Each structure stands twice: as C-alpha cells, then as structure tokens.
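Next comes just one chain, in structure tokens: the form predicted on its own.
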C-alpha cells in the first residue's frame, strides 16, 4: 500500500502538449509589437541612407542611367572650397547652437516657480516652438531689414549706425543662427520643464536638512537628475545644427557670395539645381558621418559618467 502511494508514476499528471504560441509567447509577442515600427524604420531610414551612400559612388543627373565613378565625388568634394565654407559654417552652428540647452534650462528654472500668471508666461515662451521655421525666417528677415527692421530702429535709438546683417558676409551666419536659437531654446525649455517635474523632492529635502541651498543645491542635486533631459536636448540640438537648411534657404539662399551656405543647403543646391545627385549624395554621406561621430562620442561619454 505504501509503495503504491509513494510511487512517482502514480503521482505524476499526464503531460499537456502546449501549443507553439504558448511555448514561444514571451519571444513572439514583443517581436509582433515591434515589427511595424521596425519595418517603418528600415524602409524610411535605413534604406534611404544605404541608397544615398550607393548613389554617392555614381555620376547621375536623377533621370538618366547611373555611371559608377568610385570615389571621384569625394575627391572633388574635398578639393572644393565651397565645401569648406559650408563645413566651417556648420561648425559655427554647432558651437553656438549649444547655447540653446543652456538658455532653455535657465528659462525652465524661472518658469518652474509658482506665481500668478505663470501659465500665460509659459505659453509666450512656448510660442516659438509651435510656429514654422518658414515663419521664423520671415520674421527675422523683417527684423534685420536695413530699411524698416526693428533692429536698426533700436540701434539708432541708442545712437548706433544702421547695419544690414543679412547683406554682410561676416555677420550673416551669426544672424541666421540667432534666428534659429529662438525656437530651439523653446524646445529645450519644454524638455527641462518636464525633467524638473520628475526631480525627486525627497533628495531636495534631505539636501536642505544638510544645509545645501542655492547654486550648490542646483549643481549637486538638481542638475544630475536632469541628465536624461540634457542628453535629449544636446542630441536634438546637435542634429538641428548640422542639418540646418530651412532658415538659410528662406533668409539668404546661401548668400551673399555663398558665405552663409551650410552642408545641407550645399547638398540641396547640387542635387536639385545642378542635377548632380551623386555629388549631393556624397555631401549627405559626409554630413551623416559627422553627425554619427559626434553623437556616438557624446553617448559614450554620458554612459561612462552614469557607470561611474
């Protein structure tokens, strides 16, 4: 009797044959949810990138047959003076555009206060982000206009002579960058406002109990918690600086004398107006590599800091 009760054969249940879905549910379910986005990413991002790189090895006017010429487009590009003008202008954009995260953080800290009318003030600061870059370009073209622009009205009011920033080859790039900073600061401000809402109040309270306040409180307690917002703000700002195109096209068309051109506009000019798709694709490939190198460097630096 005891042998029958303790026998493993008598206690075991009949094996249930699970379906293929049950056996692989944890693997298949995420793959099914991710597949539409992955397909769209491959179709609209990866495929155009690979196509651009392939076209950059050809001489092609966009209509006729492609002629394979190897690295000739790149050799011509690196001996083209206009390419270096555009590259230097992109570097200026890159450096000065990084003022946007700083400006956005300062405004976000100001707007994070509880005071009457703050909703209206936030809406006013948010406004540049929702308007089109075309509108921004037109507004600043009027602002800089030497005949009726508000800039010269202000300068004349304080006794300074009139200037024409968009007609001066030494000032034009900086004038366009200022126009670009207006909506970019608003975007960074929104990121930091979101980040400030997620700051841990217990850490702030503990720091106050230890006597920490003012700038040390901001630097040691608040700013480290804003690291995710800072990462997104810097990456988006760098990408925006390197692909700057619309404001240049609207405000100056790359002039005067190509002094305000950037790589994005140079690529557009060669591909659309000069019918040189291969040369334009070579410019796009170089621009893509510059973006990748900078973002990869920034990402690795940030991950190392988080690991420490």
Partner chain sequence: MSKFLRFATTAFFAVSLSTTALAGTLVINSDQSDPAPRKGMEALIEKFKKENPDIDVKLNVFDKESYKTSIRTWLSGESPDVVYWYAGERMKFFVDRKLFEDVSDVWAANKGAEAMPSTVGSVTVDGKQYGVPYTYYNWGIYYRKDLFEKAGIQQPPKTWAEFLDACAKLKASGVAPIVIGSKALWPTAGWFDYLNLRVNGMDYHMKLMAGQVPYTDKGVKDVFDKWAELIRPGYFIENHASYTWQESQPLFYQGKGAMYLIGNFITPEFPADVRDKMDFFQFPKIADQPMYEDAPTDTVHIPARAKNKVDAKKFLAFYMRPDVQTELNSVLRQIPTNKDAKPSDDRFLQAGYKMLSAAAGTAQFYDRDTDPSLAQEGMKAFQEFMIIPDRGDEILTRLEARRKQVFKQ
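On a predicted model such as this, the values are computed, not experimentally measured, just so you know. Residue numbers count along the first chain shown, from 1.
The form predicted together with the partner chain exists for this protein as well; it is not shown, and the discussion that follows is about that form.
Fill in: Heavy atom within 4.5 Å of the partner chain in the predicted bound form - the one residue of 273, 33, 68, 47 that qualifies
Residue within 4.5 Å of the partner: 273.
Item to complete: Heavy atom within 4.5 Å of the partner chain in the predicted bound form: which of 128, 103, 224, 167 fits that? Just give me the one.
Response: Looking at the other structure, the residue within range turns out to be 167.
Discussion item. Residue-level contact is defined here as any heavy atom of the residue lying within 4.5 Å of the partner chain in the predicted bound form; does residue 257 satisfy this criterion?
Written reply: Because a heavy atom of residue 257 falls inside 4.5 Å of the partner chain in the predicted bound form, the answer is yes.
Worksheet item: Is residue 228 a contact residue for the partner chain in the predicted bound form, using a 4.5 Å heavy atom cut-off?
Response: Output for residue 228 is no: heavy atoms all beyond 4.5 Å of the partner chain.
Worksheet item: Looking in the predicted bound form, any heavy atom of residue 197 within 4.5 Å of the partner chain?
Response: Because no heavy atom of residue 197 falls inside 4.5 Å of the partner chain in the predicted bound form, the answer is no.
Item to complete: Give a yes/no on whether residue 57 approaches the partner chain to within 4.5 Å in the predicted bound form, heavy atoms considered.
Response: Residue-level check for residue 57: no, no contact with the partner chain.
Worksheet item: Of 175-183, 188-196, 139-147, 113-121, which is the one stretch near the partner chain in the predicted bound form, taking non-hydrogen atoms within 4.5 angstroms as near?
Response: Single hit among the candidates: 139-147.
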